[in-house]
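For this one, two forms of the same chain are given in structure tokens, first as structure 1 and then as structure 2.
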Structure 1
């Protein structure tokens, strides 16, 4: 902070403080000291007054003492030799009959951060630990930790550690908590304070006497304790029960964390605790303080990872109020996307629709992205909204909508037709490079469905000289090549111009290299190029339909109630999309590389253990195809069921429950109907095909199973799981 005339001010203060007349008048003297403190807090260097301030510490006035101590604590490390002069007064104060003075002096003496002070403070601290006033004991306990931090290399004094462990039984609750805090700091290198059974139970019984801060910290310390038996566990949990409803959010959340941690092997107890805490968490989300509201939302988000349905009935609580800051609105929208179900989808979409026209373009874009996410499950409704938004002709809205379209087409191929129809309308008003890239990708990938696509590309190619962004140029190259492959007659000429320009005149190396790559590729022949450039048109893992996956609590509990989830920056939907390993335009490169990473090595073991199916890492279409072709048929069986007559989503969900992933299936009623499934179990990868050719014969569903490595036991288990799922579906339909 710029401060004018600072030297003059310090000089004037120095003169005043050493003036005997001023020193005689207590009030005037104190006023000057107050002024010194005020300048100090404003960032002015008043360290040159140290000598005068030390003199002022010899007083009976406690407030003046406090001020001088504050001053000395700030500057003691700069002037260690002068600070030693003050030690005497402080040590005398440590023996004062007033416990407040004793505590004050001891605390400030420990706060002097200068070398060599520890030899002076050790004796008063040890005396303070046995003081009869709890106020002094509190300060002394903390003093032990401060002393340790002043000389980090010196060995820990075991007698002090023992004394602190003994003081855990102190009648004063703050002393107890301070002991924990101090021990934690002193024993930092050895892993902190040890919580054994007697200490844990002692702390649990003292819980209700502690102030909320103490409770919260004790709950954190108790995370280290593992109960020996289930009986002990449930005793502890019932002691903690009341704290789940604490008036202080931080205590309630800390209790929940401990609950989840202790009951790691009892999922029912965990679920119950989450149920119990849902209302305090919701209250926190409606708190007056926006910071608490934000923290509440972050915690709700974490809980939702394993209990997605818990907050669904309260979805209206997550509607944004007009006056809320954007970081809260972003979180609320993220939560709303997760909460959508068949009943509330109309209202949630209506709500999100109203955010799309918000004054803040950032917020509008996030809202549009949120609708795009919901569109993966409820595509029709969302597409209507998104198309409606295009009619507003607002640049930032159009840009966000096009980007959303791109992601949607990738994840949700059934929406392609509708998107292709509408995308032509927004060709004229895309300005920013993100939107241009998205539009070009759509044109290239689905050029055969958009009649005007080549002409739009031509406009871009003609305007190439004025285009600044190199990523747009790269996208344009890819789009033009793709377009050439499906509509060669209309595109050949402009592609030639584009390649010529990019190779001959372009200054950006990346763009030029890409153009050269395509040029050489085209020289090898159209078929070769097609093989390289054309990838799958939608997300091969089909993660779309999987919907809300329930994660086990253990996935997130380790950073529940920590800073991590709150400090993640407020970028919501864009990041996960960008971070996807298989971004559409990268397919060409990936195809060129030999992919082997998807097929994890399995070690065959011959065992008869119980079969546990699990999904494991998602398998891509290509990897599936390759593996399928490589393997021999292990098992073929005709099951006595017909094709399940339910919607694809329901079939997928039903199989997912049995931990079987559906990779692809024939849409609608076309014949023959096929479905490809995979799962993992007992260290083997199981691939299966369901085939239903003839509608006239009842119960002619043929299942073909391939395995890597072969494991007959797992195979039998898989077939029986599959047929029980099909049986259930058969009855349902």
Structure 2
């Protein structure tokens, strides 16, 4: 909407700008130009003053020129005919003795958005690339990228590309960084700027001259270079070593990513680099900027995937501050759970317990869930805290605690008795649908241990008509059937009423179909129903390994120092292998200008491929169990060894050296003794069970292997690797 009286305002400004008396008074003339810019930024159409403003550019005052150039760039697309006069003025200024004027004129001329502008700016840009003033060269280099963006379908001028590659040796460090950015934009369809050996070594030697953001840019471009020998690799790492401790977080993180990328075949060097960069990452986690703090926490989580104990001595740095936003507190609690050990578990649990009564229900529930994850290792201490929280009688706390109890019973069957004893005291406090589902699951799964379980179910069945959640109704059906199978006398009548209501009166088809399924199962007999509904029970003698799973750095380094770690959840899918472009050849005549080559990656056949076991993303216990039950047995063999007579931690460490992860184990004095393993190799997931039943029979260790998808080569290699590890352990013991 135009301003009231805008036409009169523009006419007044036009009269003033064309008045010779005003033009003679520099200060007064400049004030009128400032008013034009102010009205322009406020939305007033002052395009009719274009010719007067072009005349105002004929001045030695730098500030006035900048104001006029801003006006020209704004209205050049609206006045293309008159903009030609402005271009002539700017081309004239490109030859001004003052380098500041030359740079300003060239920069603003490249900002014109009008058809046919490229033919006018090409010659000034080429001249600017050879200008003696570094400021003009900086502007000219970026002008090359702008010129390419104005005509994306035109073939790239090789002379411009050669000129930019030559300017990588410019004495001004900003020109060097601008050349990399410009070449990346111009050559984006060809894969971007190519970093060969001379370019890489030149950039490394210029690192100390760059500012922090320039260093970060150069480190990112150096990811494209692969050293030809270990000597060259360690020379490069020596040059980069000082930047791992940079005071600027983005430089330290970019250097770490390059370190990990270059030292991919040297795990000891990668571990040392992670150790050196722990201080800058911790500094990021304590930054005043919330955004930088969150990014630091996300990157700490990535590093902990390969070095779980790296930040354990600094666990107090991850305690939440009162003024921090929730998304930072959530990340800190995730990290605290991973840092828990025997020395700090008491303090960490005390800190998490204080969060459970926070005014934010979401934060309180996340804190309770964190305590539940720690309870898988330190059950007794966590159960005492969770039981105490139930006494608060707050709905959101009770809901979170019951859900935590359900997960704890699933992962740690040995804690079932304590949980069932506690659940009886909180059956009347659940109003949330998620809590109701968790409570009903506990009642159905372990109803024989909870004396009041049938009567609690009866309360839910009597109030079924007022229940709105279909998920709760389906969970209630399952719990009632399970309760009937273990306590039929107390449950028979209420189960009949429940099935009748769900089949005859329920409008939700999912609930009705499940009720019909259970009704038909019961008609087939109790034993048939038990086989379908109850399923296999968890082995209470099995316990979850307390050690952290260490992933290879290669699993996450490609995502490091990007926006990927900032996502809500890191994806655990295996990243596909990407064939990297071959670097230019290394010979005595190699010049600074790169030479591109086409590469055809070699893909081995099944007969040619070698077994390469790797851990890959961690496999959850639920995923292992689900996959194990779905797959058929591909191989079963009795090995000529007994159960390894070592501690479970030592067994886990020995298998990890062979890239085999131990998921769960049976205590050493238990028969039968079991251990569940998994690994990956040759694009297949390998699951295995070790079983030792009879101690009187020498060499009775049975290994059962399942695969997804089947791969005989990987199967034979896995069994051979496992046998070698067990043989070594047998000799050592």
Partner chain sequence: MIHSLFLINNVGDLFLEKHWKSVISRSVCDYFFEAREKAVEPENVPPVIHTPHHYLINIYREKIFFVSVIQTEVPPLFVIEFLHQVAETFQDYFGECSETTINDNVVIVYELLEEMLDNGFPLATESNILKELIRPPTTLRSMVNTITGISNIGQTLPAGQLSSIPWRRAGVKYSNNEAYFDVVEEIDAILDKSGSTVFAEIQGGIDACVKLSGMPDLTLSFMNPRLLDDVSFHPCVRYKRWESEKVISFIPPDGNFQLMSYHVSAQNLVAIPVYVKQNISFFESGPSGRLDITVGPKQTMGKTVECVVVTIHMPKVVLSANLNATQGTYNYDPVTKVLMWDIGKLNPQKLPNLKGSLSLQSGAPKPEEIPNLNIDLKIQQLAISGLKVNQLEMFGEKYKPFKGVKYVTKAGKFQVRM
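Positions refer to the first chain, counted from 1. The term rigid core refers to the most C-alpha atoms you can superpose between the two forms while keeping them within 1.5 Å. Because the structure is predicted, anything quoted here is derived from the model rather than measured.
Engineer: Pick one: which is the form predicted on its own?
Structural biologist: Structure 2, which is the form predicted on its own, differs in this respect from structure 1.
Engineer: Relative to the superposed rigid core, does the CA atom of residue 308 travel 2 Å or more between structure 1 and structure 2?
Structural biologist: No, shifts by less than 2 Å.
Engineer: Is the shift of residue 196 between structure 1 and structure 2 large enough to count as movement, that is, does its C-alpha move by 2 Å or more after the core is superposed?
Structural biologist: No, the C-alpha position differs by under 2 Å between structure 1 and structure 2.
Engineer: Rigid core fitted, then: does residue 463 show a CA shift of 2 angstroms or greater between structure 1 and structure 2?
Structural biologist: The answer is no, as the C-alpha of residue 463 shifts between structure 1 and structure 2 by less than 2 Å after core alignment.
Engineer: By how many angstrom is the Cα of residue 29 displaced between structure 1 and structure 2 when the rigid core is overlaid?
Structural biologist: Its C-alpha shift, to one decimal, is 7.2 Å.
Engineer: For residue 99, give the CA shift between structure 1 and structure 2 in Å, the superposition being done on the rigid core.
Structural biologist: The shift comes out to 2.5 Å.
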